[in-house]
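Single chain ahead, by itself, as structure tokens, in the form predicted on its own.
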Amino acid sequence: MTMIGVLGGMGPLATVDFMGKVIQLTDAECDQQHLPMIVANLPQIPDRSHAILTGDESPLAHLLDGIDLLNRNAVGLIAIPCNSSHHWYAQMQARSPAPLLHIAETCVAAVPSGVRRVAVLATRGSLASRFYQHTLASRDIEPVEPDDAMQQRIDHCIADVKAGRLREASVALTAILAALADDGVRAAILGCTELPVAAQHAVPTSMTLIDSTLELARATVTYATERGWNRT
């Protein structure tokens, strides 16, 4: 049996959200038609954004341990529902016999045709790593980065989700999206996997929201079902 490998725990709620979306996206009539997954839920991995910004306590060794764990269980694909960890994507892919999906590539592929400016809502580490900005620019899309005041609100929103304060997180995200809309932004990437959790309870917006967890799940389901992993 070939399985999907999930390197998770960054954070735990985001990992559960990803798993739920994989299940919801799978066309199945019974248990046996769902996709097999093995999930390494490893919340003790050091903070990715902090490491990118300061150079302290790199999580790379922990990430590679998780990659090794999944490959020892003969996974056929690895998905990592944590955006900031993709700063080390090249090192993880070099370590892994199984291919790794890149979360930024799945998101940018979902930008609607004709959209030329997209806000990137992410951790400070992901923004400093610039993998979203480079992927957008490679498709002639202008990345719109938050100013410091808005980034502080995004930071608090992410922290609230990690702490289980979902109501506060949804209120914060609603205000962030409203401010972007007032500035004429019409599309935004939720480029931290905590943000889609907050979005579940936020006030609906006319802005196009690209959910990084959902797009990673879509790419995962497509890859696995095309190879028949949901067939016994």
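Quick note: we count residues from 1 along the sequence shown, nothing fancier. Quick caveat, the model's predicted, so the values are computed rather than measured.
FYI, the form predicted in complex with another copy of the chain isn't displayed, but the following is about it.
Peer 1: Using a 4.5 Å heavy atom cut-off, which residue among 38, 53, 64, 175 comes into contact with another copy of the chain in the model of the complex?
Peer 2: None of the other options qualify; the answer is 38.
Peer 1: Would another copy of the chain be touched by all three of 3, 45 and 73 in the model of the complex, meaning a heavy atom each within 4.5 Å?
Peer 2: Yes, the whole candidate spot contacts another copy of the chain.
Peer 1: Can residue 31 be called a contact residue for another copy of the chain in the model of the complex at 4.5 Å between heavy atoms?
Peer 2: Although another copy of the chain is absent here, residue 31 would touch it in the model of the complex, with heavy atoms inside 4.5 Å.
Peer 1: Taking the shortest heavy atom distance, is residue 19 within 4.5 Å of another copy of the chain in the model of the complex?
Peer 2: Residue 19 belongs to the contact set for another copy of the chain.
Peer 1: Should residue 186 be classed as touching another copy of the chain in the model of the complex when contacts are defined as heavy atoms within 4.5 Å?
Peer 2: Judged by the heavy-atom cut-off of 4.5 Å, residue 186 is well away from another copy of the chain in the model of the complex.
Peer 1: Using a 4.5 angstroms cut-off on non-hydrogen atoms, would residue 87 count as touching another copy of the chain in the model of the complex?
Peer 2: No, residue 87 sits far enough from another copy of the chain in the model of the complex that none of its heavy atoms falls within 4.5 Å.
Peer 1: Pick from 115-123, 129-137, 157-165, 88-96: which stretch has a heavy atom within 4.5 Å of another copy of the chain in the model of the complex?
Peer 2: Going through the listed ranges, the match is 157-165.
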